[in-house]
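One chain is shown next in structure tokens, namely the form predicted on its own.
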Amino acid sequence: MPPRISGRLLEAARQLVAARAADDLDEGRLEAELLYGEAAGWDRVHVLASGAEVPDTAVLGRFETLLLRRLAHEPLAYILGRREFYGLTFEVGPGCLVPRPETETLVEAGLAAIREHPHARRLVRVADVGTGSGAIALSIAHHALQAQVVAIDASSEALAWAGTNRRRLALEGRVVLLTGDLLEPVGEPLDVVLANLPYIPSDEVDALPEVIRSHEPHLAVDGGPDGLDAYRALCAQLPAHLVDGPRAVLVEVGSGQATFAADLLTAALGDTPAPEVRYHRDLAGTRRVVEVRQGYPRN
């Protein structure tokens, strides 16, 4: 009897686990189903509903090609060409970091900082530093109509992905893309700054999963000896690029870095008006986002 789709997908899931491309059989099954759906032009529901069928030869061939890429630890998002993030779909590929679920914490906190800004009824100028695929900047612009957003990255390759996503989401009039070193290309004073910069300590980069280490841009990962070099550089630029009035800066950090990042931000912003430091935890309970506000009403 010819193999059924469900049987081949189970075998593929086991291959992914054996190759350490998936953590467990459940994750392996999910990835195999998504890859088969990509090969067949089906959504995952259709794949599951067709499990008892014999696979089409051409579809099976395309699936095997995609599976080999995943077994070689190429990111699933690169193979599929897209990643879901904060309710939107972003095209991604080599040259940009794949958006992670924990970064949605930064978007959520950023939207609150914009919504609660004293000028929220008018216009809030926002910068996303190190935009990559544009996931943060475009999510902010999509959900906060009062935000005027600039998205900055040192990599023109990454900005090309951001440009593609900006067109797909019809946000050309709301988001400006700039190439340069952190905030240097920005001309107007900013009310809110968001940043997801590299924060992995250099001596931990080689221990990252191969899917990150071998495929995603090194520039977007290595944060120097303690992981905070890029944030020190950002803090040096903040005073020249923030408004004198109410303002907020929010950064994503790694486990154990939140207090150190808060010290860097408060030192850069000064103590007038008195800064308010907030920590936002991701779904795993890690203090993932550090926020410093100045000039906001106190609750």
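This one's a predicted model, so the numbers in the text were calculated from it and none came from an experiment. Position 1 is the first residue in the sequence shown; the rest follow in order.
Another form, the form predicted together with a small molecule, is not on view; read the next lines as being about it.
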Exercise. Check, residue by residue, if Ala248, Glu276 and Glu291 all come within 4.5 Å of the small molecule in the model of the complex, counting heavy atoms only.
Key: no
Quiz item: Is Asp181 a contact residue for the small molecule in the model of the complex, using a 4.5 Å heavy atom cut-off?
Solution: yes
Self-check item: Residue contact check: Asp191 to the small molecule in the model of the complex, 4.5 Å heavy atom
Solution: no
Quiz item: How about Leu138: is it within 4.5 Å of the small molecule in the model of the complex, going by heavy atoms?
Solution: no
Quiz item: Does Val186 reach the small molecule in the model of the complex, with heavy atoms at most 4.5 Å apart?
Solution: no
Self-check item: Contacting member of Leu97, Val175, Ala162, Val126, with respect to the small molecule in the model of the complex [4.5 Å, heavy atom]
Solution: Leu97
Quiz item: Here the chain is shown alone; which of Ala220, Ile212, Ile79, Leu171 has a heavy atom within 4.5 Å of the small molecule in the model of the complex?
Solution: Ala220
Quiz item: Want to guess which of 197 to 205, 140 to 148, 67 to 75, 111 to 119 is within 4.5 Å of the small molecule in the model of the complex, heavy atoms only?
Solution: 197 to 205
